[in-house]
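As a starting point, one isolated chain is supplied in C-alpha cells, in the form predicted alone.
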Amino acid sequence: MTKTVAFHLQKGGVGKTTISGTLACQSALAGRKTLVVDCDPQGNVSSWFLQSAPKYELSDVLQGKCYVKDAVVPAPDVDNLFLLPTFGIGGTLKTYSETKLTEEPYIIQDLIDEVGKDYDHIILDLSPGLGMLERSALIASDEVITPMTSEVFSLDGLEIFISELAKIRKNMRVSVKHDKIIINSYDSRIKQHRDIYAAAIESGNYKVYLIPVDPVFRKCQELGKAPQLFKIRGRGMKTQTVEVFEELYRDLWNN
C-alpha cells in the first residue's frame, strides 16, 4: 500500500523543500517509484528538479483542465523520481486555493487515491501557511513530519501546529500520524541549538532527527541535482546528513 508523507510547519525557511526533495531522491535512488506533489504555490521543489515549466501543473489537475497522468513529469536526472509540479504560472494554485478549495476539501485526497497504485511512495511539499490548501494536503497524508530550525520562533510554530493538527484530526475525522520532528541546520556546539533540541524532545512523544548545516544542499538546488549524487570539490553530503536520511527513510517505509 502506498504511503503518503507531508512536510509542514507554518513558518518559512525551515527546510521543508530541502528535506522533502532529498528524501524523495533517497526513495527514488533506492529503486522505489516516487512521486513528489508540489503543493507550494512558490513551486520551489519543482524548479529544483525541472529546468523548464511543464505544459500542465497541479492547479490544472485540481481544476479539471487535464488528467493527473498528463501533468506528472519525470525528474530528468533521477531515475524513479516523478513530480506533479507547480511553477506558479500566474499564481493559479494560490488563486484556486483561495477561491474554490473550500468547496472541495478532499480533492487532494481524491487525487492521491487515484494515483496511489502507480507509485511506491508519495511525498507532499507544502507551503508555510495553514490555509485550505495545506489542510487539504494534510487530510490526504498518512503521516506529517515537522521540519524546524534551532530558534524560538520555530518552537512556537511547532506548538501551534500540534494544536492545529489536533483540530484537523477532529473536525475532518482523519488520523494523520505525527511523531517525527526534524531540526535542520543543527550545530551541537551552540547552546541555543542544544536547548531547542531538548525542548523539541519535551514537547511530546516525538522522535527528533538532527540535520547539520550542509553546503551540498544549496549547490545541488542551484544546479538541479540530487544531493546524494552531487559533490563539491570531490566531497558529497556530510556523513551525518547521509545517516539521518537513511534512518528517516527506514523509519518511514520500514526498510
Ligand SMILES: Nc1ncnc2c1ncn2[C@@H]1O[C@H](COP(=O)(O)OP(=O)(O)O)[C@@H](O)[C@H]1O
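What you are looking at is a predicted structure, and each value in this text was computed from that prediction instead of being measured. One rule holds for the numbers: they count along the sequence shown, beginning at 1.
Keep in mind the form predicted together with the ligand is missing from the figure; the text below concerns it.
For a residue to qualify, one of its non-hydrogen atoms must sit within 4.5 Å of the ligand in the predicted complex; none of 4, 135 and 169 qualifies. The ligand is not drawn, but in the predicted complex it has a heavy atom within 4.5 Å of residue 212.
Within 4.5 Å of some heavy atom of the ligand in the predicted complex lies at least one heavy atom of residue 14. Taking the partner from elsewhere, residue 230 is found to have every heavy atom lying beyond 4.5 Å of the ligand in the predicted complex. In the predicted complex, at least one heavy atom of residue 218 sits within 4.5 Å of the ligand. Here is the short version: of 185, 80, 97, 109, the single residue with a heavy atom within 4.5 Å of the ligand in the predicted complex is 185.
Partner contacts here mean any heavy atom within 4.5 Å of the ligand in the predicted complex, and among 154-162, 67-75, 136-144, 177-185 they occur only in 177-185. Using a 4.5 Å cut-off on any heavy atom, none of the residues of 139-163 reaches the ligand in the predicted complex.
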